[in-house]
Ligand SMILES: Cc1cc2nc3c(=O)[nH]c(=O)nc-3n(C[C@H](O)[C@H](O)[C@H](O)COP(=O)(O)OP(=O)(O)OC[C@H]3O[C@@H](n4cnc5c(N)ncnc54)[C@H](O)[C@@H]3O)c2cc1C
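Single chain ahead, by itself, as structure tokens, in the form predicted alone.
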Amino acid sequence: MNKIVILGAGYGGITAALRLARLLKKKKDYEIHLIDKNPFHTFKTQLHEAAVRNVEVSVPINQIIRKTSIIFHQQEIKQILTKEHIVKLQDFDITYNYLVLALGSITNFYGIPGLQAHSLTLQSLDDAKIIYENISGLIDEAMTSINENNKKDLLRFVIGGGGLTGVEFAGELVDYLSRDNRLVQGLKEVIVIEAGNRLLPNLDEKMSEEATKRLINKGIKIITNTKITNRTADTITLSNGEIIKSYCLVWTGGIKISELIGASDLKIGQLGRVLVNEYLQALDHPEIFALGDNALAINPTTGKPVPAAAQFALQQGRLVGENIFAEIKGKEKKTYKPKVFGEIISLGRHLAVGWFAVPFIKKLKFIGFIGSLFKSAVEDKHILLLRKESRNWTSWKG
């Protein structure tokens, strides 16, 4: 039996699996194997909500693939042997004819002393739960403390990194703290520390400035052009020499690719991403496809790497599914041409900034409550697309 093995059930991996299941429905000589260490698919663009409000942002994989031929294995991936066409898993080995790398990314701590040991990250559902419990515990501890300075230290929350994840988490957190009647204004503090000269560097400068202004108006302290150089259990040292007392540092300052990929003989580029051709095939390994964070895909229009973002992972997942099917059928593959639909960044529960690509108008920009409605619509669209690919229109329960 021929096997297509997909590593990772994130945005790109689950989409590739579902698209292949549809295309190969009548070809019984191919099996589709989806492998992930978790039994659920996580809506990563909503993790900041789970970290602050403990809302459900995942759906069981078995519910998504229920009406398909996809075989799911909840397994830890141990090694990728490209020469032998074998993936070594926690409990068994699996061979493949085609392999899809959709493992996502892990946090990059850049070797900063104490950072990995004494900070929280926001890459997974488990991370979100740990942050939620940490915040709740610090608030409870602060409420029982009789020392005002100690209360302030307990309620000083620091976010390292002013990109998309850091900004969305900060906006969500400050709204949550503001709604807690036990916390008076002078006690709580949310600080965002960014090494660059502005927040949200992927947005144009005016929109970045507007977003920063809105966050400051919410009471968030913004520190730019400053790096974190050291972290202990209760202090954060900055590159300007300042020391901040805090028991909660959420690090969102960078990502890198799984060491599994680096340990294989695949050609890799910046951040350990796999070098791919115009069909998203790994160089020198046409039987291996990479997508999402794992692929160093080049935008043919700009000549620049495609950013690691959900909208591109979804597009790449569909294309990889179609290109593997084309290979099997001996037909022409499609080249990858990313479509940029826009970007929306949440600044809290009822506030967002962003833009959409609109015909005859290069960018339709927006900020405010209307932006939060657009954000919700985009999140709902992802769920709708998963239902469409799986042909599963019944209710999903987390």
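Note that this is a predicted model, so its numbers are computed, not measured. Each residue number is its position in the shown sequence, starting from 1.
The following text describes the form predicted in complex with this ligand, which does not appear among the structures shown.
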task: Tell me, yes or no, whether A9 is in contact with this ligand in the model of the complex, where a contact means a heavy atom of each within 4.5 Å.
output: yes
query: With a 4.5 Å heavy atom cut-off, would you call E141 a contact of this ligand in the model of the complex?
result: no
message: Just checking whether Q311 would be counted as a contact of this ligand in the model of the complex - the rule being heavy atoms within 4.5 angstroms.
response: yes
task: Using the partner position in the model of the complex, report whether E242 sits within 4.5 Å of this ligand, counting heavy atoms only.
output: no
- prompt: Would this ligand in the model of the complex be within 4.5 angstroms of a non-hydrogen atom of every residue among R156, A195 and D234?
  reply: no
- prompt: For the chain seen here without its partner, which of 162-170, 203-211, 108-116, 141-149 has a heavy atom within 4.5 Å of this ligand in the model of the complex?
  reply: 162-170
message: Please tell me which of D265, E76, E133, E84 lies within 4.5 Å of this ligand in the model of the complex, judged by heavy atoms.
response: E76
- line: From V306, L275, I220, L260: within 4.5 Å of this ligand in the model of the complex by heavy atoms is L260
- request: Would you mind checking 77-104 for residues with a heavy atom within 4.5 Å of this ligand in the model of the complex?
  value: I77, A102, L103, G104
